[in-house]
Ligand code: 5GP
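Listed next as structure tokens is one chain, alone, in the form predicted alone.
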């Protein structure tokens, strides 16, 4: 897609700092990182998000994210790693080409990935599970 920043990076039109790649995806350093070492696993083919990505492509992207998380932990000597993939604006997606964030985390780094937990009843949980099972 001509107007997609990640398609342009994958095709070499736009520069990026590459870490590695395979037939399915390219791993680059995020241009606007939350922390040093913040990586993006970007599919080579254009898919808007998880709703239209090929299952095999997504599986390979997740395997790549797993390898990168282990590498970040070892190389950056961080205390933890977030692996995130956002879908739709309400969930934080700002670039509409599927990609996975791999973010090294350090004690006190002030990066937040949080939500307020609720405490539904077992009956409420069962009602949701029933919907999910029958759809």
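Predicted model only: the values in this text are computed from it and were never measured. Residue numbers count along the first chain shown, from 1.
Beyond what is shown, the protein has a form predicted in complex with this ligand; the following relates to that form.
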Residue 111: touches this ligand in the model of the complex, heavy atom cutoff 4.5 angstroms: no
4.5 Å heavy atom contact, residue 4 to this ligand in the model of the complex: no
Contact flag, residue 31 vs this ligand in the model of the complex, heavy atom cut 4.5 Å: yes
Residue 40, heavy atom within 4.5 angstroms of this ligand in the model of the complex: yes
101, 67, 35, 44 - the one with a heavy atom within 4.5 Å of this ligand in the model of the complex: 101
Stretch 45-76: residues contacting this ligand in the model of the complex, 4.5 Å heavy atom cut-off: none
